[in-house]
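One chain follows as C-alpha cells, the form predicted alone.
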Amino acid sequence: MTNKEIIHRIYYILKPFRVKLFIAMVGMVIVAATTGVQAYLVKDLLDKIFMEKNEFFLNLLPLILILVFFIKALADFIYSFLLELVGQTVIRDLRIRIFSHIHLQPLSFFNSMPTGTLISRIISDVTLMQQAVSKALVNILRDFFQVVILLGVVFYMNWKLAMFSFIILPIAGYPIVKFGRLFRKLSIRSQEETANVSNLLHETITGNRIIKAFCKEKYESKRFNHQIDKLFSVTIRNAKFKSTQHPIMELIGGVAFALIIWFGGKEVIAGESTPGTFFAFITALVAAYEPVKRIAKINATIQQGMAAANRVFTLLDIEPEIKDKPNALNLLPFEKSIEFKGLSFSYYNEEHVLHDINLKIPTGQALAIVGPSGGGKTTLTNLIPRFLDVTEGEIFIDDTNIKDCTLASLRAQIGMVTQQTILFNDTVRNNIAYGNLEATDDQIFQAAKAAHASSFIEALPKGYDTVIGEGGSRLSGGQQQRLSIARAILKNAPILILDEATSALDTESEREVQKALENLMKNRTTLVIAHRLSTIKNVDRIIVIKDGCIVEEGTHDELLALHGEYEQLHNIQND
C-alpha cells in the first residue's frame, strides 16, 4: 500500500471530524500569525525603543506583547485540544473496528494468524498510529502554517536575504526525505519483531505448564532473549539514525545562519538596513527554521505511524470468508431435521477432509459421531454453525439452506460444549450468564443446578461472585466443564453439539459431567463426538467416520453385530 493510499484512507477516517479540524486549523493559523507578529515586533523593539529611545513605544509595546501572547495561548489551547480529541477518538474507533472485524473472521483465519500478531495489531500498531495522528498531525499542521507566515514576514522585511530560505529549505528537506525512507524500513522491521515478541509471550504464558513439566525455563528464556535482542538491534539502529538526523539539521541551519549574518551585517554596515530590521529578520528566520527541525524530529514517528497504518488497513481489508448473504433470512425455530446433502469439505483447496456426506438427523434424536482421530468428526460439526463453510454440497435445517439465513439466527439455535473448555476471567455468575445475558439470577441458579455445579459453586469463597481466573484456572477440569454445560443449558438452544466433552476428565469427574450432560440433552437434537464409546451406548444412533466418509451407521448393538470399524474401536478400548 502506497503512502498516497494510506493518507487517502486516513483522510476518509478524519472526514466526519472536519468541523473540529477546521476550527483547529483556524487556531493554528492564529498561532502562526501571532508568532509572526512577535518576530516583527523585534524590529520596533530595537529601532524605536533602544535606538530612538521612544517612550511612547516603550509604554505601548509591552501591552501589545501581552495581548499577542494571550491570543496565541488561547488559540494554542483550542487547536491542541481539538486535534488531540480527534486523534484519540479516531484511535478508539479504529481499535473497536479492528476488534469487531477480527471476530467476523472464520476459524480458518485464527488458525493462520497468530494470537500475538493480532494483539500487536490492536495494541502496538494502533498506538503507533495514535502517535502519528495525534502528535505528528498537530505538529505538522501547526508548523506548516508557521513556516508559511514567517517566511511571508521574512520576505516583507528583506526579500534579498529571504532568498537564502530557498537554499536552506531544500537542503534541510533532503535529510528528512532520506532518513524518512530508512525510518519506514526500520519501523516495519520493528513492528514485525514486536509481533514476534508478542507471539512468544502468548505461547509461553499460556503454555507455562508444559514448560515447567519439561524443565524448559532456561530454553524458553534463551529463545525470548534472542527475540528481544533482534528487536533491540532494530531499535538501536532506529535510535542511531534519529540521533544522526538532528545534528545534521543543526549543522545545515548553522551554516545558513552564518551566511545570512555575514550578508545581512554588510547591509547594516552599508546603511541599507537597520539593526532592528536585521534582528527581526533573524528572529523570524530562526522561528521559521524551528518547525523544519521539528518535522525532522517527528519524521521517524510519522514513518512508524504510516507503516503501522499499512498493517492495520491490510488487516481490515481481509474480507470475512463467511458472512451473511444480501437479504439473508432469519432462521425459523427448529422443528424437523438437520440434513447434509452431498457434503464435501477441504481446507485451503487441499485434499478433501470430508467426502460426499449424506445424513439426516430428525428433531429430538441423539446422534453420536465416532471414528479414528483426524477422520473429520469435529470438522463435520463445525460446518453446522458455519464456523467453516462447505466446499461442495449443502446443509439444511428444516427446509432452509443454512447459507440463506443470517449467522446470528443460525447460531442462536445451536449450543456447544467442547473438550477445550473456554471460560473467562470473570465471576461464575457472568460465565454462566454468557449463555443468556438477560437471564435472571434464578435462571442462572437453575442452570447451575441442572449442570450439577451448584454444590461446588456455593462452596467457593464468594459463591457465584467468585472470579475464576484466566480460562477458569482456579477450578478443576470437571468444575470447568460443568460451568460450560450450565452456560449451554441457560442458552436453551434446540440443537446441541458435544465435542468430546468428557474425554479430558477423570472417572469421578466424568460421572458428574455425564449426569449434567444428560440433563442438557433432554428434549434437544444432539450431535455427540465421542472418544469414549462407553458414554454413547444409549444414544439413538451412531455413525462411524473414517477418512472423511461415513462407513457405518446404526445403534451400538447393530454396529457391534457388523464386526467392522465400530467393533474394532470398541475392542481397542476394552483391551
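The first residue of the shown sequence is 1; numbering continues from there. Not measured: the values here are computed from a predicted model.
What comes next is about the form predicted in complex with a small molecule, which is not displayed.
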- prompt: Should N111 be classed as touching the small molecule in the predicted complex when contacts are defined as heavy atoms within 4.5 Å?
  reply: yes
- prompt: Is G376 close enough to the small molecule in the predicted complex to count, meaning some heavy atom within 4.5 Å?
  reply: yes
task: Using a 4.5 Å heavy atom cut-off, state whether R541 contacts the small molecule in the predicted complex.
output: no
- prompt: Closest heavy atom of L460 to the small molecule in the predicted complex, within 4.5 Å or not?
  reply: no
query: Considering F144, Y156, Y347, F424, which brings a non-hydrogen atom within 4.5 Å of the small molecule in the predicted complex?
result: Y347
query: Which of these residues, L367, V467, V353, I322, gets a heavy atom within 4.5 Å of the small molecule in the predicted complex?
result: V353
query: Want to guess which of 479-487, 305-313, 368-376, 444-452 is within 4.5 Å of the small molecule in the predicted complex, heavy atoms only?
result: 368-376
